[in-house]
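Before any questions on how it binds or moves, here is one chain, the form predicted alone, in structure tokens.
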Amino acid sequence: MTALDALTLSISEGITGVVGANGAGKSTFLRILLGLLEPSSGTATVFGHDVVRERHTIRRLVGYMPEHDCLPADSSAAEFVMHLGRLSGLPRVAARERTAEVLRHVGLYEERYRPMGTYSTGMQQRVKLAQALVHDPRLLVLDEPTNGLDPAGRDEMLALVRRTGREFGISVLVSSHLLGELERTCSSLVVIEQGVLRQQLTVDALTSEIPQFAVEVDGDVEAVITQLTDGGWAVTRERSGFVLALPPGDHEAAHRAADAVRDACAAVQAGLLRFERGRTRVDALFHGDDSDEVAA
């Protein structure tokens, strides 16, 4: 099968998300950039270095956090991360110092001497992130970094990714099929579908405002909706509230809509829990024309 089909793109600095369903070609793309897989045709470069002829140079410049489990259970995090630092060319003292720094960064400093076989899934993911950072790379490649984590663990890992890009000044390329995570973390997106580049755009450009308000109320939702529809507003019921559509081209409609929602809630003695402008979501990329969903 053809994993990637004439995929042509250029990735700049910052945190870039590689989006696609399972089997879209994301991992193949990353492995080619890392020099772990040779392309059958075409070329690729990382910081100007060819991925086939200069793969060893690239590996000194790039940190890689794989999706699969790869940690020796009997080794401690300190031993493992320091060993990989030495393999990346760091002298022993520098490797020890960098190991302490990155384990503190990922929140494992107090647990660094425990065997990794006793670690939770979240702690193991943090070790994988630490070993990718130990040699101070210019680019960090993360393949499904939140794989196997619970919601709290995913939030913590995404916060670490954002801090890494902000505090260390390292560019990050992160692959995931969880669109909401990339929307919260990345500055730009590369969308791959069946090995083909579908779109490349910034998150800000994608998640632009749309002429809708998302509303949640504490009280009789149906009564509030009736008040608004009687006043001529177009309202669509949602699971946790409703969406109020603004007339196209009417620049003053947003102010009138705010007044109308306030008055409708007051009329039926309902509390207003949420009233915010709708934005296009990242998952709109995969839903065609029926994609104007309001962000939660």
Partner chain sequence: MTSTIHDLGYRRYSGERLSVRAAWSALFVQGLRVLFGLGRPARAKALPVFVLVFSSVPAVLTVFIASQAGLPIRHATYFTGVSILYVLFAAAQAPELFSRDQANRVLPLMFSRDLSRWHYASARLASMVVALIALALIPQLVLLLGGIGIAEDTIAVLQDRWKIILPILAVTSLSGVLLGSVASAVASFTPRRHFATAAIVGLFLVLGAVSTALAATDVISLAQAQLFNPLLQLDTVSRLLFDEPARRVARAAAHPLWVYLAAITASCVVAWSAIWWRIQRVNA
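Since this is a predicted model, take the numbers as computed values, not measurements. Positions refer to the first chain, counted from 1.
Not on display, but discussed next: the form predicted together with its partner chain.
Chemist: Okay, which stretch from 59 to 67, 237 to 245, 254 to 262, 43 to 51 lines its partner chain in the predicted complex, with non-hydrogen atoms inside 4.5 Å?
Modeler: Going by heavy atoms within 4.5 Å, the stretch is 59 to 67.
Chemist: Using the partner position in the predicted complex, report whether Arg166 sits within 4.5 Å of its partner chain, counting heavy atoms only.
Modeler: Answer no; every heavy atom of Arg166 is more than 4.5 Å from its partner chain in the predicted complex.
Chemist: Heavy atom to heavy atom, is Phe213 within 4.5 Å of its partner chain in the predicted complex?
Modeler: Residue-level check for Phe213: no, no contact with its partner chain.
Chemist: Check Leu158 for me: does it contact its partner chain in the predicted complex (non-hydrogen atoms, 4.5 angstroms)?
Modeler: Contact check for Leu158: no, nothing within 4.5 Å of its partner chain in the predicted complex.
Chemist: Is Gln131 close enough to touch its partner chain in the predicted complex, meaning at least one heavy atom pair within 4.5 Å?
Modeler: It does: once its partner chain is placed as it appears in the predicted complex, Gln131 has a heavy atom within 4.5 Å of it.
Chemist: Would you say all of Glu79, His83 and Arg104 touch its partner chain in the predicted complex, counting a heavy atom within 4.5 Å as a touch?
Modeler: Result yes, every residue of the spot touches its partner chain.
Chemist: So which of Val196, Ile170, Leu179, Ala223 gets a non-hydrogen atom within 4.5 Å of its partner chain in the predicted complex?
Modeler: By the 4.5 Å criterion, the partner-contacting residue is Ile170.
Chemist: Counting only non-hydrogen atoms and a 4.5 Å cut-off, give the residues of 138 to 157 close to its partner chain in the predicted complex.
Modeler: Just Arg138.
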